[in-house]
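This document starts with one chain, in the form predicted alone, laid out as C-alpha cells.
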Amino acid sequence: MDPKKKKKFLILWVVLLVLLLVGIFLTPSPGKSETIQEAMKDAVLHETNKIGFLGMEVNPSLVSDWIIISVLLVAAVLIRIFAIPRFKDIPGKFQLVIETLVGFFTDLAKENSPHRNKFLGGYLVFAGVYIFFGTMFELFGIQWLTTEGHSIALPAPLTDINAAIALGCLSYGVIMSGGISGNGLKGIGLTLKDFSLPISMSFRLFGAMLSGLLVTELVYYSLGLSFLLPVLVGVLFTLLHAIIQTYVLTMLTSVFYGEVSERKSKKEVSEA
C-alpha cells in the first residue's frame, strides 16, 4: 500500500475511534424496564417474560425451538428433493458443504463405534445441526411480544434447562438403544451403569449456553461497553459455544454408544 494512502487510512480509523468514544461518554443512558439482576434471573428461571403461544403462556425458548425445528425440517426436505438428486462426482460448493458436514459426524460415529454406526451417524448429524443452529439462532434477534406487552428477543432454545435436559435424555436413550442392539437386555445394565450421564450432559450444555447469554447481558447493561463490544462479544461467544457444545455432545454420545454397543461376552458383562 502506498505510504500516503496508508497514512490516510490510519487517520480515518483514529477519527472513527474518537467519534465512537465521544458517543459512548455523551450519549445518555437509555431507560431500562428491568434491572440487571432481574434480567439475569429471568434468563435462568423464565418467570417474568412469558409469551402467548397456542393459547398458553410459555417460555420464549419454546417458540425458538419450534422455529428452529421447522426451518431445519423444511431445509432437509428441500435438500433431499431438489439438491441430492443433482449431486455429481465432482462436487460443487453447496454439495461440498453438505458432504463435509455429514462426513464429519459419520466419521465421528465410525471412529468411536466401528461395529455399529449407521443409526448413530444419522443421530449425530441431527443433534449437531440442531445444537449449532439453535445456538446461532439468538444472533438473529427475532422480536416477540410478551404477555405483558413488552418486546423481547427470542433466545436460543438450549438456554432453557428443559430443552437441555430433553436433549441430554434423548442422547442417553440413543446410547441405551445401542447397548440393546449390541448386547440385548444386558445392554440396558451396561448403560444404566453410567446413570449420571444424562444429568452431566444436560447441565454441561445448559451451563455453557447460559454463560454466554449472561455475559452478553452484562455487556449490554454497561453503558460504557454498549456500543460496539456487544456485537463482538455476542458473535464470538455464540459462535464459540455453538462449535464447542456441538462437538462435545456428539463426541460424548458416540463414545458411550460405541462402548455399550460393542458385543461383549458373558464374562465381560459380569465383570463390568
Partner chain sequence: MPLNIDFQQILLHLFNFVILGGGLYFLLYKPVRVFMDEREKRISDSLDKAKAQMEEAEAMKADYQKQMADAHALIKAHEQEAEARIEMERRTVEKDAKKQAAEYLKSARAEAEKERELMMEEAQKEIRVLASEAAEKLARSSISNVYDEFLDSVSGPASMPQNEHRQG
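Every value quoted in this text rests on a predicted model; they were computed, and no experiment measured them. Positions refer to the first chain, counted from 1.
The following text describes the form predicted together with the partner chain, which does not appear among the structures shown.
Please tell me whether the candidate spot formed by 58, 130 and 167 is one where all three residues come within 4.5 Å of the partner chain in the model of the complex (heavy atoms).
Checking in the model of the complex: 58, 130 and 167 are all within 4.5 Å of the partner chain.
Taking the partner chain as it sits in the model of the complex, is residue 193 near enough to touch it, meaning that at least one heavy atom pair lies within 4.5 angstroms?
No, residue 193 sits far enough from the partner chain in the model of the complex that none of its heavy atoms falls within 4.5 Å.
Does any heavy atom of residue 189 come within 4.5 Å of a heavy atom of the partner chain in the model of the complex?
Result no; residue 189 lies far from the partner chain in the model of the complex.
Residue-level contact is defined here as any heavy atom of the residue lying within 4.5 Å of the partner chain in the model of the complex; does residue 87 satisfy this criterion?
Residue 87: yes, in contact with the partner chain in the model of the complex.
Hey, in the model of the complex, does residue 144 get a heavy atom within 4.5 angstroms of the partner chain?
Taking the distances in the model of the complex, the answer for residue 144 is no, it never comes within 4.5 Å of the partner chain.
Where does the partner chain sit in the model of the complex: which of 145-153, 180-188, 78-86, 193-201, heavy atoms within 4.5 Å?
Heavy atoms within 4.5 Å of the partner chain in the model of the complex occur in 78-86.
Counting only heavy atoms, which residues in 83-104 are within 4.5 Å of the partner chain in the model of the complex?
Stretch hits, in order: 84, 87, 88, 89, 91, 95, 98, 99, 101, 102, 103.
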